[in-house]
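Quick heads-up: it's one chain on its own, the form predicted alone, in structure tokens.
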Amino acid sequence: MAKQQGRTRIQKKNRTTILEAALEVFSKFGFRGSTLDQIAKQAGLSKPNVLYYFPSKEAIHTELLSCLMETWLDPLLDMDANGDPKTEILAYMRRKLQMSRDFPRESRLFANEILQGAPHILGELKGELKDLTDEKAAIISGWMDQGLIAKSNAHHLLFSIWSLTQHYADFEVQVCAVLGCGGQEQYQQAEEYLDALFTKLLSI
């Protein structure tokens, strides 16, 4: 924290520029397919300048993923155990879909990391992500046991929300090829469809 506070405005600006450029490159080519030269070119900086701020490509990638994990967990954190079960689950689904709409590059960065075996965030997946998912799955199972929503496997319910919402970011090219790139209208249609799908799944 002290190191961050000691950075000049230009240093903060350059770090942000590098991370933004790296996000663009990594989301397109994955970690293995990306190079420091590509990141430097995207950032409009020299490679030595990039290396002044980050010692390696891996250091940039790790920082991006670290920030992303916090963003990724936020929608699930907001699920309220004291709320109406169906309302809470549908709201979570909508938050995840909104993330796909607003942060498609981040979603693809995360997907690429997972496809490579999660070498940089496996600890977080087995730790923070698993703990939070288990906690919320237990809440959902409790709602099911009380007869408030239809019975199913709570973990797999969450997995299906992840896959169905993140599809629109991770497979954006495929979606656009079939539907055309419809922007906000396309996501509105997706939300209406997923609302109907999960409402039927959760209804007793």
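Residue numbers here begin at 1 and follow the sequence given. Between two forms, the rigid core is the largest collection of C-alphas that superpose within 1.5 Å. Just so it is clear, the structure is predicted and the values come from calculations on it, not from any experiment.
The protein also exists as the form predicted together with a further copy of the same chain; that form is not presented, and the subsequent description refers to it.
> Would you check whether a further copy of the same chain, in the predicted bound form, lies within 4.5 angstroms of a non-hydrogen atom from each of Ala43, Leu45 and Phe103?
Contact check failed for every one of Ala43, Leu45 and Phe103.
> Give a yes or no for Arg108: in the predicted bound form, does one of its heavy atoms lie within 4.5 Å of a heavy atom belonging to a further copy of the same chain?
Heavy-atom contact with a further copy of the same chain at 4.5 Å: present for Arg108.
> Should Tyr52 be counted as a contact of a further copy of the same chain in the predicted bound form, where contact means heavy atoms within 4.5 Å?
Tyr52: no, not in contact with a further copy of the same chain in the predicted bound form.
> Using a 4.5 angstroms cut-off on non-hydrogen atoms, would Gly33 count as touching a further copy of the same chain in the predicted bound form?
Although a further copy of the same chain is absent here, Gly33 would touch it in the predicted bound form, with heavy atoms inside 4.5 Å.
> Test of understanding: in the predicted bound form, would Thr62 fall inside 4.5 Å of a further copy of the same chain by heavy atoms?
Thr62 lies outside the contact set for a further copy of the same chain.
> Taking only heavy atoms into account, state which residues of 39-54 are within 4.5 Å of a further copy of the same chain in the predicted bound form, ordered by sequence.
Heavy-atom contacts within 4.5 Å come from no residue here.
> Does Cys181 move appreciably between this form and the one not shown, meaning a CA displacement of 2 Å or more on the superposed rigid core?
Where the cores coincide, Cys181 still shows a C-alpha shift between this form and the one not shown that is 2 Å or more.
> Just say closer or farther for the C-alpha distance from Leu197 to Gly182 in the predicted bound form, relative to the shown form; it changes by 3 Å or more.
Relative to the shown form, the pair is farther apart.
> Which way does the C-alpha gap of Gly30 and Gln184 go in the predicted bound form, closer or farther, given it changes by 3 angstroms or more?
Note: Cα gap between Gly30 and Gln184 shrinks in the predicted bound form.
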